[in-house]
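Single chain ahead, by itself, as C-alpha cells, in the form predicted on its own.
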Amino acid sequence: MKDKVIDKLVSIAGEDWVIQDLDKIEGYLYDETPEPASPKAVEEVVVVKPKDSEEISAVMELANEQGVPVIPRGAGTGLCGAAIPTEPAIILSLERLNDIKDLDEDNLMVTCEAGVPLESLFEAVDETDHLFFPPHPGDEGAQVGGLVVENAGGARAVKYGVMRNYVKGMEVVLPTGEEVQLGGKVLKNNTGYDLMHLLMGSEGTLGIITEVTLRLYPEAKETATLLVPFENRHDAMSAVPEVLKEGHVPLALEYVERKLIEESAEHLGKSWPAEEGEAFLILIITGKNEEEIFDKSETIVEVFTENGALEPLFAQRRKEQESILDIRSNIYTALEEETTDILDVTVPPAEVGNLMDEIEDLAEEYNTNIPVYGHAADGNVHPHIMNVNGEAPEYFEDLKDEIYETALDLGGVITGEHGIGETRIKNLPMALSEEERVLMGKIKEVFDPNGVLNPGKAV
C-alpha cells in the first residue's frame, strides 16, 4: 500500500484507527465461507475504522483519486467470500458505527448505524416490552448493514419475509464519496426509481450503508415450539403445503433429518428429544396467549397427522424451546470442519421434496454424502458438499453445478439468502441471461464509475 495512501487514511480517521500490522488484520481477511471454497485473501491491505459517514466519504474520495479498491467490512459472517480482499485494498470496517440512534415506538421504527450487531438490536427492541424485530438470519453477531446488503433471510422469513421487507430508510455513502439519504419512516413511497432497493442485496458493490431505519412489529405474547416427526422425508415435505394451504403460517418451519440433527446435538453435548421418526419439521408457533397457542398447535397437528405425522412433541417452556432451536441452529457448526461448501439453493416450496430426491440421486452418483436441511416452507435448503480426506473433492465444481442446474430446472435459483460474493460469480451465467448480466454491469458502472468498491464481487 502506498505510503501517501496510508498517511491520508491516518489524517482522515486517526492513527489509532488505521491498522497495517498483519497480526492485527488477520481477522479481517476472511469471512465464514468454508475454507476449501474460500478465495485466498491477499495480505497487502490496510484496515481503516471510520467513526462516521463523513470519514467514510473522505476514504472513498481518496480511493477514487488513487485507484485503490475498498472492501466494506461488517462482522464477517458471510458465506460466499463477499468481504474477502483478493487484491491489495483498503478494508473499511464499520464496527465503530454501532449506535442505535432512535427507537420510535409510535411509528414502530428503529434507526441504527450499520455496525450495530443483530444481538444489540434485539436487546434494544426487547426493552420496549411490546415490539420485536422479526428477521433472524442466524449469527447474532452479524451487523445490520451487512444483513441489509446481503438481503439476509433465515428461518423466520416464511412468516415475515427477508431483510428487504423491513428496510424503510437508509443513509448511504456512494462509491465516489457523495452521501445520500434514501427513504425514511414512511410505509409508502412511490417517488421515482427505488434506489434503496438496489442497495439491498448488492453485497457492498454499489454503496456503503452507514445508517438504516427498520420497521418493527408488535411482539407475540406467547411462543411454543412444535417438533413433528415423520417416518420419511416424503411424508414430511408433502405435509408442509397442506398446513400452509389451511392458513397456518408459523414464525418458522424448518426441516431436518435424524442423522444430521443428532450429530448437531452431540456436537453441543445435548440429546435430541424425539425418539421416533427419521425426518422432522420444527415449527415456532406464536399467539397472544396460551389458549391461542394451544388452539393453533392442535389444528396444525391435526393436518400433519392426516398426512402421516407421528406423535408430535410440544415445547412451551423457554429452556425446552431454546434447546431444540439451538440444536437446529448449530447444524452448520457441527459440519463446518468437514464442509467444502454450503449451498443455499431455493425452489418453489412445493418442489423441495423433488429437489431433495434429486440431490440424493447426485450423492449416489458421486458416491458421497450430501447433508441437506433448511427452511421447508419457503423452499430454501442448504446442501453441504463435504470434504474428502480433509480437502475439497475433485468433483466439487461439477457437483455444485449439477445441484444448481437441478434447482434451476425446478423453477428455482442458485442462492436464496447467502448471495453471490466471489465463490458463486462464475455460476451467474447459468442463472441469469446475458441481458440481465449486462444490465447489472451497467448499474454497477453508474454507481461506481472507477470500479473501486468491492470489485470482482456479485456482478
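Note that the coordinates shown come from a computational prediction; the quantities given were computed from them, not determined experimentally. The first residue of the sequence shown is number 1, and the count goes up from there.
Only in words, not in the display: the form predicted in complex with a further copy of the same chain, which the text now covers.
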Between the options N151, S264, T286, S93, which residue brings a heavy atom to within 4.5 Å of a further copy of the same chain in the predicted bound form? N151
Which listed residue (V256, M237, C112, A157) meets the criterion of a heavy atom within 4.5 Å of a further copy of the same chain in the predicted bound form? A157
Just one stretch in 358-366, 278-286, 199-207, 84-92 has heavy atoms within 4.5 Å of a further copy of the same chain in the predicted bound form, so which one is it? 199-207
According to a 4.5 angstroms non-hydrogen atom cut-off, is V452 in contact with a further copy of the same chain in the predicted bound form? no
So, in the predicted bound form, is T415 in contact with a further copy of the same chain at a 4.5 angstroms heavy atom limit? yes
Exercise: G138 in contact with a further copy of the same chain in the predicted bound form, heavy atom 4.5 Å: no
Do E246 and a further copy of the same chain share at least one heavy atom pair within 4.5 Å in the predicted bound form? yes
Looking in the predicted bound form, the residues of 96-111 with a heavy atom no more than 4.5 Å from a further copy of the same chain, listed in order, are E105, D106, N107, L108
